[in-house]
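In the form predicted alone, a lone chain appears below as structure tokens.
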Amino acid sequence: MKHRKLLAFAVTAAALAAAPAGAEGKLYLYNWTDYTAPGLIEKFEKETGVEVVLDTYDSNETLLAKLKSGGGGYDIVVPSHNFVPILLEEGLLQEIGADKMPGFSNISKAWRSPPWDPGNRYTVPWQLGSTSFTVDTGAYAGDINTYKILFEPPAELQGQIGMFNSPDEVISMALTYLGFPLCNENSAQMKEVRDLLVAQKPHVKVYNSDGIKDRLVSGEVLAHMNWNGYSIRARDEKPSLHYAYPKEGVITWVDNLAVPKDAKNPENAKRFIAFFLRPENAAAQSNFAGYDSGNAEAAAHLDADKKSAPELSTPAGAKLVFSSSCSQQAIALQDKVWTEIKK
């Protein structure tokens, strides 16, 4: 598919129904920072009478820790696909019956009954995207399409690198650069990852998954780990910022709406999910955040600049690496490496 090739989806016929009206009370939403369209929330509140209270986090690890501690009392959370099995194993999510919801048929066939949630018993797709990095090409004019830019930066970028504060994402990127499989259980290969990240550390100005756009636009950093949608928003403010498609592979992912086991307002959570399954609402989220939608009918409602954005059209021949759910052994090795890096 030539257009919007990042995570191609099949267009399906859909029976469209409005979200249930006449609701009341609150909906506590816990989502990634700067990842919820304000207009979407306002529309839901107006249609249903439900007040939405939004809190944010910066990584899947933060979300997992919050839910495991029993804190928050949230009604909807937004885990990435590779963390859904972990949340399920911990008994932290409840079934939502997505296949019975109005608009379920709008979900692209590729994301109905996905491997991480057969039958969509617990989740529906929120946004689809990739993880790479953004470079200020006004400061560095060379080829940016290699992870060497981040891990062994040229002189122009040394000391000006921004990395996520997430072991899963940083280590997955390092493994991809070194040509090793993700969720790695090989101690020798993970030692190479550790050595790479230790050598990189003097060139890293910040480990932070929040505020990426502002750091890039202000020039506080010249290259930063980034998601493709957030890179669009940075480029809108500073045209010299470009998103890389590393030759070693671009990590891709699907974020999902899910309802925690201890949600206080599960019916309002299901109302929001049904509301989001309407194509115009899924498109409103994509128009705000800059990511692809798992809703096959949303494309007709996308803004023109999103349809043409290079960050949403993977170059021909680019290697895509779909992130995985890791074993406990792999997570333990990952945590050991991360502890050494951050000490």
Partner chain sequence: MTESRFINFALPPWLSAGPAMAVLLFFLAAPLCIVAAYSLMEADPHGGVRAAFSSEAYVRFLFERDWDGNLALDGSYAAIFARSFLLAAAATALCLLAAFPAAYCIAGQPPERRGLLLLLITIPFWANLLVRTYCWVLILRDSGLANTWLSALGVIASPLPLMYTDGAILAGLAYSYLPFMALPIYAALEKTDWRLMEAARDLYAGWWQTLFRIAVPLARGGIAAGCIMVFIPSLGAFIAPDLLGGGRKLMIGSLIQLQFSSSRNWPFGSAAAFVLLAAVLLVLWLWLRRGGAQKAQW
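Numbering follows the first chain given and starts at 1. As the structure is a computational prediction, the values presented were derived from the model and not from experiment.
The same protein also exists as the form predicted in complex with its partner chain; that form is not shown, yet it is the one meant from here on.
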The chain here is shown without its partner chain. Which stretch in 206-214, 226-234, 93-101, 252-260 comes within 4.5 angstroms of it in the predicted complex, by heavy atom distance?
206-214
Counting only non-hydrogen atoms and a 4.5 angstroms cut-off, does E152 reach its partner chain in the predicted complex?
no
With heavy atoms only and a cut-off of 4.5 Å, decide whether E89 touches its partner chain in the predicted complex.
yes
Exercise: S218 in contact with its partner chain in the predicted complex, heavy atom 4.5 Å:
yes
Classify C326 as contacting or not contacting its partner chain in the predicted complex by the rule of any non-hydrogen atom within 4.5 angstroms, answering yes or no.
yes
Quick check on this chain: which one of P239, G71, P118, P202 has a heavy atom within 4.5 Å of its partner chain in the predicted complex?
P202
Using a 4.5 Å cut on heavy atoms, which of W126, F133, F83, Y122 is close to its partner chain in the predicted complex?
F83
Residues from 161-193 in contact with its partner chain (non-hydrogen atom within 4.5 Å) in the predicted complex
N165, P167, D168, S187, M190, K191
